[in-house]
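Coming up is one lone chain in structure tokens, specifically the form predicted alone.
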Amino acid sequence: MEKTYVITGATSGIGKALTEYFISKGNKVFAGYRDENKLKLLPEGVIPFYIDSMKSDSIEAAAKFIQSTTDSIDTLINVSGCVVAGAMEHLPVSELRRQFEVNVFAHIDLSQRLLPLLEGGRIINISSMSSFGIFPFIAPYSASKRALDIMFNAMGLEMKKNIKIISIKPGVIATPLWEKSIKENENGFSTCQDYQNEINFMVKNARTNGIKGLPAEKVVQIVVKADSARNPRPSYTVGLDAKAAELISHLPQGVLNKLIKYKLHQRTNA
């Protein structure tokens, strides 16, 4: 039976893999994009819609377009996001706001607008293992993913509509986001001269992750599992590293801080 999906961030990485999978199964797929040059990357048969997470009028227009084209949505999958990186003592507050605008507020905005079409359906958020704790030099990203999980979990607890809300927390996945994040944060890195070893390590590690991480299809498998389950769990992890992050997150904060600081020093001074 054909189902209706709305997927943001559909032109690359996890969003692209999800879009390709669900359209290949004969579903109706609304595919969100921001860069018109990437429209050609969308598979044939999808219904593209423009959305800029930094612009509320764009989110409103996207929701109105979807509402005018379908009477119901089976699953909304919030994928799009960005990474703000750098040392907290140097990061401009404007960058912190951008991080939350893209990774949290835009998803809430679109979801709220589409709730009337989602009765009996699901909202699946692509979160991150970063939601489990503090990852130095990507603290804004970690905090945004934690906020995403907390706010949507509360929405699910509060609302009287029959909508299941699910968080997918992948570990390291090989997607273009890693290289894109390096380029987007170059200006911020230039202000962190007193953390040059740490920044160099982070950039090198990001490039390695972009190549050696798990394929996006691993996330697709878990999303499909959560989407088809009669009673899905509220949270799923993807990858051994994500499972380890979840386990380690239960340590006392003081112990966790010492462990992270030791490992960071060890890796950046090798």
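Source: prediction; values computed, not measured. The first residue of the shown sequence is 1; numbering continues from there.
Absent from the display: the form predicted together with a small molecule. The rest refers to it.
For Lys243, no non-hydrogen atom is located within 4.5 Å of the small molecule in the predicted complex, even though that partner is not displayed. The closest heavy atom approach of Ile77 to the small molecule in the predicted complex falls outside 4.5 Å.
The small molecule is not shown here, and in the predicted complex it never comes within 4.5 Å of any heavy atom of Arg122. Though the partner is left out of this view, Met54 does reach within 4.5 Å of the small molecule in the predicted complex, counting heavy atoms only.
With the small molecule left out of view, the stretch that reaches within 4.5 Å of it through heavy atoms in the predicted complex is, among 154 to 162, 68 to 76, 126 to 134, 185 to 193, 126 to 134.
When the small molecule is considered in the predicted complex, only one residue from Ser167, Ser111, Thr175, Ser142 comes within 4.5 Å through any heavy atom, namely Thr175.
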